[in-house]
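Take a look at this single chain in structure tokens; it is the form predicted alone.
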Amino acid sequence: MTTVGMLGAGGIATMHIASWLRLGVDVLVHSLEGADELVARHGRGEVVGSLDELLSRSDLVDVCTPTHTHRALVEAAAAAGKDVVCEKPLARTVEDTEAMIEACRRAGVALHPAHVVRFFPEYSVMHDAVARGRLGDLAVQRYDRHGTAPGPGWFRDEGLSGGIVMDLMIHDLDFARWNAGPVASVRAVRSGAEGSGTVAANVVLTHRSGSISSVGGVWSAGPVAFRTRFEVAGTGGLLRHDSADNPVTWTNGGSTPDRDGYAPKVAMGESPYLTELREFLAATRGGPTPRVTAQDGLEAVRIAQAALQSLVVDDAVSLEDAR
């Protein structure tokens, strides 16, 4: 039986351990705090006292720790010959991300970035429509993501987490690139100060294809229901979703009459975290390449880092210059 070694016991680790246990693997957990409580809540798993013990007993390592710790832990797992799942963003900087990918390449192990939004059913249905050409030539995409700001600590320290752009909005930056292809330039604006109060940001991507993507994000100072929205428009129609309205993806228009009013039924019964980790686990056992790769994770960090640079220089940043 496969043994997964989980590093970290915070919020995302709760999602991951539940999914790993559903997949029938043995789970070991090591964390500076919270490991006992995490295992107790789920009734299965084993707490181990050190990183070395976890690496020696695991077949696959799942890194669910703060962003600024990812590089050292991924490199340690690679040196131990273990395939790795790593939470997004892969790292705080392009330099660290490239080093992680190179360490895994040299060790001959896989590195799977956990960009879970690619596995959410409404987003998966939307990407399938784009990939199949059902919206024609892609022209404009708009994404919004709005939730309660994380509490004090590393999340709100831009030097550690990358702030709202790198931590929250990277989901949609990745998805916009997945749909419309490579990004030529990035322009970002932000209101509110990272670290306190409500923070809002918007990033506009100009793709090499000429397509435009607008990505918005809000960390609210007060408690709010988490909300996501997207609108994807092409020469053949418009596809939209708003989690505040309903969980079904709707299409208005289409390249053929029978596409008009298309409302696909999405499978809401399975957690996207379970879908994601099942795909990664299958790949480590010789299965197909997952829908998100380490290179995708690197490009997402590159776009987010260029957006942070754009905030500093108050101007558009070319991705080629950023390289």
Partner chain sequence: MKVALMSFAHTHASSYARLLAARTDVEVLTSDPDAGERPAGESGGAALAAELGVAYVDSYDELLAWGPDAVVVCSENVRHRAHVEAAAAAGAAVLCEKPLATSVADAEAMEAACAAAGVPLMVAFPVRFSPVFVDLREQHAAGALGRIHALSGTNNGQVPAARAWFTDPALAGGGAVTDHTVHLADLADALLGGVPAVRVHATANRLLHPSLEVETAGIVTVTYADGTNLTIDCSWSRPASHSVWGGLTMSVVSDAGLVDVDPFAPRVSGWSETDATELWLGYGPNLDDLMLSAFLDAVRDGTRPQPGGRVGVRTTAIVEAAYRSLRECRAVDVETAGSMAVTAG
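Positions refer to the first chain, counted from 1. All of these numbers come straight from a predicted model, not from anything done at the bench.
The same protein has a further form, the form predicted in complex with its partner chain, not shown here; the description that follows concerns it.
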Give me the residue from Arg240, Arg71, His127, Arg177 that has a heavy atom within 4.5 Å of its partner chain in the model of the complex. Arg240
Partner-contacting position among Leu160, Val116, Ala107, Ile212 - heavy atom within 4.5 Å of its partner chain in the model of the complex: Ile212
Please name which of the stretches 182-190, 166-174, 117-125, 94-102 has residues with heavy atoms lying within 4.5 Å of its partner chain in the model of the complex. 182-190
Honest question, do Arg229, Ala233 and Asp315 all end up within 4.5 Å of its partner chain in the model of the complex by heavy atom distance? yes
Considering non-hydrogen atoms and a 4.5 Å limit, does its partner chain approach Ala76 in the model of the complex? no
At the 4.5 Å heavy atom threshold, is Ala80 in contact with its partner chain in the model of the complex? no
Interface membership of Leu138, its partner chain in the model of the complex, 4.5 Å heavy atom rule: yes
Evaluate Arg134 for contact with its partner chain in the model of the complex, applying a 4.5 angstroms cut-off between non-hydrogen atoms, and reply yes or no. no
Would you give me the residues of 272-307 that have any heavy atom within 4.5 Å of its partner chain in the model of the complex, in order from first to last? none
